[in-house]
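First, one chain by itself in structure tokens, the form predicted alone.
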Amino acid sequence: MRRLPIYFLIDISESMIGEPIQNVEEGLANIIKALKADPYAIETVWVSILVFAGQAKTIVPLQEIADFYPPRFPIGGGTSLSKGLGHLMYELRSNIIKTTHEQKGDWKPIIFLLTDGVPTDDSRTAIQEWKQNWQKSTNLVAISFGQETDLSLLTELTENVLMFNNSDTAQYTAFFKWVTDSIKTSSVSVDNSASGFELAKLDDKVISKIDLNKKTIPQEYIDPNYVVLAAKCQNTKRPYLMKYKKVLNDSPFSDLGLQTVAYRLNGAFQVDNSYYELSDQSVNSFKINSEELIGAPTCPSCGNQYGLAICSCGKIHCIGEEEYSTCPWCDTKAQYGTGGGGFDINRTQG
């Protein structure tokens, strides 16, 4: 039986932390459960899951549905689309069986690229390689989670660029059902010796096709839609992330149609040490002024009252009611207080 390879290339940058990545985990689990019960899919579909942030890796190698168990997703710093694409092309070169005189090879692989933000690197070389070597021999579906994605790059990769309205859990459920139905219809198409690529009918309230002629935002190497701060717990030494989402407020000159940009706290989340493995450590440090941030969390690891204390080394950690605190990054002991006025804080690429 010829295989129908399905690849999920998933953005796990810091902006996905919290409810979005939890919904993706549950959605992938539901996809696999549904495919295992489908007589066409169980015969032909093989699945692999690749992730990318500042670095990229395979968290589930290409394998039969029957052997597949849904993974937990890590989080990393940055959104390197070039490394995500590069890793995808490496996996395709390594795993896809080509047709020869002796055997029929795999059906065209179907790739679902899921991303929610702006690439934080220059992706032009990887996109060019993709267009030259893989664009015609695969079926890529690029899906923007929300409206903050850089669509100009996605439209260079494929004509199948879709916008997912990721407003709540019900929308996520409907979206992953659409992915499941698309894989099922493709596996039926394979069984009928057709193209092997049939997307399910779109529900415009959940997911819609992007107008490729629409003007898109310019490329930036930092995600302007979120501010994410990387910190460590003083007591447990565990890393955690604080996520802020962009909001627009009326300025004193609102009569002129002007607005000010700020970032409101979305939450604080524990991560494990794989965060550093999947982050690009070579990028320059970016800054955000404290006056642009709204809200400060408690420590999600130990519950310390203040999760946004800054050491003289420039790194962020939590503090409690102790007289002297110890920075978990550099071991400096110091007394902390509050000061007036804004100051710069190191931020990640988002």
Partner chain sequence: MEKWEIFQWKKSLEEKRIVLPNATVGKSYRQELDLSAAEWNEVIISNINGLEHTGLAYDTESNTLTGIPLVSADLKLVFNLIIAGESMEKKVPFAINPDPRSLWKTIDTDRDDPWWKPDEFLSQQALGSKSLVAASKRGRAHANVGKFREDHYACATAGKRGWHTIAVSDGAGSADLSRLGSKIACEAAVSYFRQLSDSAFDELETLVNGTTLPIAQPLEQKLQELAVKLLSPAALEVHGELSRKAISIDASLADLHATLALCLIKQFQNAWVILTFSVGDCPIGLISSNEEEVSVLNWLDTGEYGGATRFLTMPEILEQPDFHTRFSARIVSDFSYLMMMSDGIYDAKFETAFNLSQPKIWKQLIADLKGENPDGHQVDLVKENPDVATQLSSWMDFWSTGNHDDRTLVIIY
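These numbers come from a predicted model, not from an experiment. Residue numbers count along the first chain shown, from 1.
Only in words, not in the display: the form predicted together with the partner chain, which the text now covers.
Colleague: Candidate spot 313, 333 and 343, all three in 4.5 Å heavy atom range of the partner chain in the predicted bound form?
Modeller: Answer is no for this spot.
Colleague: Scan 266, 152, 135, 270 and let me know which has any heavy atom within 4.5 Å of the partner chain in the predicted bound form.
Modeller: So the residue touching the partner chain in the predicted bound form, by this definition, is 270.
Colleague: Could you spot which one of 260, 125, 94, 99 gets a heavy atom to within 4.5 Å of the partner chain in the predicted bound form?
Modeller: In short, 99.
Colleague: With the partner chain left out here, work out from 71-79, 176-184, 125-133, 201-209 which stretch has heavy atoms within 4.5 Å of it in the predicted bound form.
Modeller: The contacting stretch here is 71-79.
Colleague: Against the partner chain in the predicted bound form, would residue 158 count as a contact residue? Criterion: heavy atoms within 4.5 Å.
Modeller: Answer no; every heavy atom of residue 158 is more than 4.5 Å from the partner chain in the predicted bound form.
Colleague: Can residue 61 be called a contact residue for the partner chain in the predicted bound form at 4.5 Å between heavy atoms?
Modeller: Taking the distances in the predicted bound form, the answer for residue 61 is no, it never comes within 4.5 Å of the partner chain.
Colleague: With the partner left out here, check for me: in the predicted bound form, does some heavy atom of residue 40 sit within 4.5 Å of the partner chain?
Modeller: Residue 40: yes, in contact with the partner chain in the predicted bound form.
Colleague: With the partner left out of view, is residue 172 within 4.5 angstroms of the partner chain in the predicted bound form by any non-hydrogen atom?
Modeller: Outside the cut-off, so no.
Colleague: Within 4.5 Å of the partner chain in the predicted bound form, counting any non-hydrogen atom, which residues from 288-308 show up?
Modeller: The stretch touches the partner through 299, 300, 301, 302, 303.
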